[in-house]
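So this first bit is one chain, no partners, the form predicted alone, shown in structure tokens.
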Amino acid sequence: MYEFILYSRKGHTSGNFSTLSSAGRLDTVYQCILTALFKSYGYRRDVIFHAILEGPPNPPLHLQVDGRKLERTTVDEVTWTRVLNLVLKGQKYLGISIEKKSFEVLLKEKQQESIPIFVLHEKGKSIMEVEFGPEAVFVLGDNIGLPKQKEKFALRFGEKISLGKQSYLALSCIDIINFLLDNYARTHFGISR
């Protein structure tokens, strides 16, 4: 499994909003979900997306979207506004869960599972030099980026890697990583993701 952890500084932690952009930039979370899990005519069943929501009124919350379980969900923003509202109000939705959990606890869990953790940063080791296995966790910040103390904590468990010297949007980072993993799986494992 490949996993993405997005740290959302302002993502709202209650389901009382009419638009995702007015809910602490949950639109960034939505865009990253789409990029991580959706492909033409299907889902990436080997991906789990996590978002740590740090906005009001009840942070932190851990939102998880599991590609193995996701069903009957379209990609339009209206649908995801409704879905995220429901999930944040405590309602169940296939493949999507919410729980009270911090960034630090989630990273410690991933480290205990012995999954390699990679923290995205412009000054890291080039992603082209990294050997990937069948599992990896990629940590990135929202439109503002990872706070320094969160980045420092993440680097206790993982390696700093870079997509280049240019700073990219979180959804672009996820898209690039999925593209590279698709090619890596084909050339190294002879499989299609």
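Residue indices: 1-based, along the sequence shown. From a predicted model like this one, the values you see are computed outputs, not experimental measurements.
FYI, the form predicted in complex with another copy of the chain isn't displayed, but the following is about it.
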Work out which of Asp66, Glu151, Glu135, Asp27 lies within 4.5 Å of another copy of the chain in the predicted bound form, going by heavy atoms. Asp27
Between Arg45, Lys39, Arg156, Lys125, only one gets a heavy atom within 4.5 angstroms of another copy of the chain in the predicted bound form; which residue is that? Lys39
Any of the heavy atoms of Ser14 lying within 4.5 Å of another copy of the chain in the predicted bound form? no
Ala185 near another copy of the chain in the predicted bound form, any heavy atom under 4.5 Å? no
Examine Glu104 and determine whether its closest non-hydrogen atom to another copy of the chain in the predicted bound form is within 4.5 angstroms. no
Hey, in the predicted bound form, is Val75 touching another copy of the chain, heavy atoms inside 4.5 Å? yes
For another copy of the chain, considered in the predicted bound form: do all three of Ser8, Ala23 and Ser97 come within 4.5 Å of it, counting heavy atoms only? no
Applying a 4.5 angstroms cut-off on non-hydrogen atoms, the residues of 135-173 near another copy of the chain in the predicted bound form are Asn143, Ile144, Leu163, Gly164, Lys165, Gln166, Ser167, Tyr168, Leu169, Leu171, Ser172
